[in-house]
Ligand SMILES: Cc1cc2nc3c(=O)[nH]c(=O)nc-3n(C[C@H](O)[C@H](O)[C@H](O)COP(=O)(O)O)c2cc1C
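Only one chain is given next, in structure tokens, and it is the form predicted alone.
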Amino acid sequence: MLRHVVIWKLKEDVADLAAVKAGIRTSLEGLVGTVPGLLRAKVYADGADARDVLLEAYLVSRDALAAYAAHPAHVAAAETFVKPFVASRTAFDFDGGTELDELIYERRSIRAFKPEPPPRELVDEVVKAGLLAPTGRNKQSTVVIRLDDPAIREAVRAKNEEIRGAPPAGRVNDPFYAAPVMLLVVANKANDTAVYDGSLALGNMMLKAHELGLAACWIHRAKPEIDSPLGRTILDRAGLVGDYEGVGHLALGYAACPLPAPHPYNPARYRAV
């Protein structure tokens, strides 16, 4: 895959910057599905300098980039919506995947956290990513509960120690690895995809945490926790009425250890019948 980045500086005498930017965005992003080999195109035009416009495009190969440059639809878009308004142009091409590829390949579970909590706005971004995960029939059955109350947090730690038993060899006794942020994911059992919905939310949150420079680890045992009297207390405190399934916890914070090296995946797990 090839990442193609172009930065344009618009002319000083462009009268309607908003209209010109809209034309560039619509014409270039609209080439996806028309130009073979163009996988994604995104135009950014809200930088600090109002005359800056950036295109980030992903193509399958360098040959595809050459074909894209010469494709009649691209040439027409460039000649009509871009070139007449541009004062200067700078382009960069990089081999490699998208940022999402990098996040997926690099993300690893972390089991050692610094005591300093991350800013609340970063925690909120992680939670938002979980709430944006797909849910069955868009029922949005997933709920994320941030455990702030020190008494609740300690009760959850104690309950998880009880459920887990002795820690695995080499692991610390704390089932949440001293993470300063504890997120609990539950889902309404009224939706028969509740557990799947919650699992997708946790996956989204782990990727978002890595993107934001945070460390995360999925902590299991939420089901027996929520099925216990403690779980009912948590649900009541969160104002949740109904039958909820505990899907998992997310331990979140800053890593107190290096990011583990990626493990090779087993391609034999991909089958066709």
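Residue positions are given as counts along the sequence shown, with the first one as 1. Just so we're clear, the structure is a prediction, and the values are computed from it rather than from any experiment.
Below, we turn to the form predicted together with the ligand, even though it does not appear here.
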Pick from 124-132, 71-79, 143-151, 105-113: which stretch has a heavy atom within 4.5 Å of the ligand in the predicted bound form?
105-113
Quick one: in the predicted bound form, does every one of 157, 189 and 237 get a heavy atom within 4.5 Å of the ligand?
no
In the predicted bound form, is there a heavy atom of the ligand that lies within 4.5 Å of any heavy atom of residue 219, even though the partner is absent here?
yes
Taking any heavy atom pair closer than or equal to 4.5 Å as contact, tell me whether residue 177 reaches the ligand in the predicted bound form.
yes
Look up in the predicted bound form whether residue 171 has a non-hydrogen atom within 4.5 angstroms of the ligand, and give yes or no.
yes
Of 244-273, which residues get within 4.5 Å of the ligand in the predicted bound form if you count heavy atoms?
263
